[in-house]
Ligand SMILES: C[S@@+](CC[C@H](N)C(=O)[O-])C[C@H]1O[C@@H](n2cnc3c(N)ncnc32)[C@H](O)[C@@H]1O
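Just the one chain here, laid out as structure tokens, in the form predicted alone.
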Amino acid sequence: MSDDNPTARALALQAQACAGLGSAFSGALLASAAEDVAAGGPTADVMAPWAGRDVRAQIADAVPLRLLGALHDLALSGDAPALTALYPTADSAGDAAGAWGVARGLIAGQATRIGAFLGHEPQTNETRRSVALLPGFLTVAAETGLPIRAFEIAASAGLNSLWDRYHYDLGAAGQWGDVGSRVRLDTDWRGGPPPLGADVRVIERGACDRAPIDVRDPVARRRLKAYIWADQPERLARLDAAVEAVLAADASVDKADAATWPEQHAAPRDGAVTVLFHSVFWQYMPADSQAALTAAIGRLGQRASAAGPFAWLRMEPPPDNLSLMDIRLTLWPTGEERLLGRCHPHAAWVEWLG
């Protein structure tokens, strides 16, 4: 493959990443798409809006994942039964080569529909990331002894905003949460246990997203599912269970910018610890938005006190490595920042540093 075609190169890199993260089907589809772009096939036409951008910019804008999501959305919709028949199910690994043959024709024949999907900014809501955030909440509760006000930014559909209502299996480290919950989150836990005995009481919660997903809308719900890799049925099942939890709780996500919403809704208050949290969101923000949010968080931290602490909890990649995530906590009024652990991007494993 020619390295002078950035779109083809971006697709090929994401194909390798998908395969490395346990999705052989997704990796094979994207590898075929990369070859089609390099050859000037129909995929090159539908990806034309990004043709002038370099590889790094296309990866940052999740361009390959947009294409993968568009094809999965078609398969889930039932509007392309030949494609659906070749996609993975709970009982079948699917036929990636056959699916690509059908998908290539659909890309040519349904370019308008696929182009519309590609033009919508990607949104995922991987519920298992709560298993990486949980030890941060436990640490905050243990160290402050206060009830929690939890506010999530870039919350997508708000599935992780209900983190305290799920059940967690941390292997030998122990279990935590609602044993009756249908949302059951496990992980390959590495290291000692977090403070599982902490008294966790969430007395207030809120969430925002620039373009929130309303899971009451079946089309929006399908879009959310489309971004989960089709050959990972356990992730799809977790999503379904978490959506049911959000519907049962009648939870909602405010339509708002992450840089301005926290100061309006998540200012610290006496008698509780206020936690602002997010996951796998930072790298998608423009630099000026990152700076504005950092400044806003700093101002909130300055308003914290021993009676009303403020915490910033996040699961985000370090700048030099997008293949893993850091779990970081900053707790005011001292403003001490700690690296609590590291984890897989989908929280398949968590390394607890404490």
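Between two forms, the rigid core is the largest collection of C-alphas that superpose within 1.5 Å. Heads up: residue numbers just count along the shown sequence, starting at 1. All values reported here derive from a predicted model rather than from experimental measurement.
Below, we turn to the form predicted in complex with the named molecule, even though it does not appear here.
J.: Is there any non-hydrogen atom of D73 lying within 4.5 Å of the named molecule in the predicted bound form?
T.: Outside the cut-off, so no.
J.: So, A211 and the named molecule: in the predicted bound form, are they within 4.5 Å at any heavy atom pair?
T.: Contact with the named molecule, yes.
J.: Is there a heavy atom of E126 no more than 4.5 Å from a heavy atom of the named molecule in the predicted bound form?
T.: Heavy-atom contact with the named molecule at 4.5 Å: present for E126.
J.: Does the 4.5 Å heavy atom contact test between M285 and the named molecule in the predicted bound form come out positive?
T.: Yes - in the predicted bound form, heavy atoms of M285 and the named molecule come within 4.5 Å of each other.
J.: The named molecule in the predicted bound form: within 4.5 Å of a heavy atom of each of A132, T139 and V350?
T.: Negative, none of the three is within 4.5 Å.
J.: Out of the stretches listed (188 to 196, 106 to 114, 84 to 92, 253 to 261), which one is close to the named molecule in the predicted bound form, meaning heavy atoms within 4.5 Å?
T.: Heavy-atom contact with the partner occurs in 253 to 261.
J.: Give me the residue from A99, V215, V280, V275 that has a heavy atom within 4.5 Å of the named molecule in the predicted bound form.
T.: Looking at the other structure, the residue within range turns out to be V280.
J.: At 4.5 Å, heavy atom to heavy atom, what parts of 175 to 200 sit next to the named molecule in the predicted bound form? List them in sequence order, or say none.
T.: Sequence-ordered list is empty.
J.: Tell me whether P212 is among the residues that move between this form and the one not shown (Cα shift of 2 angstroms or more, core superposed).
T.: No, because once the rigid core is superposed, the C-alpha of P212 moves less than 2 Å between this form and the one not shown.
J.: With both forms fit on the core, has P122 moved 2 Å or more by CA between this form and the one not shown?
T.: Indeed, P122 is displaced by 2 Å or more.
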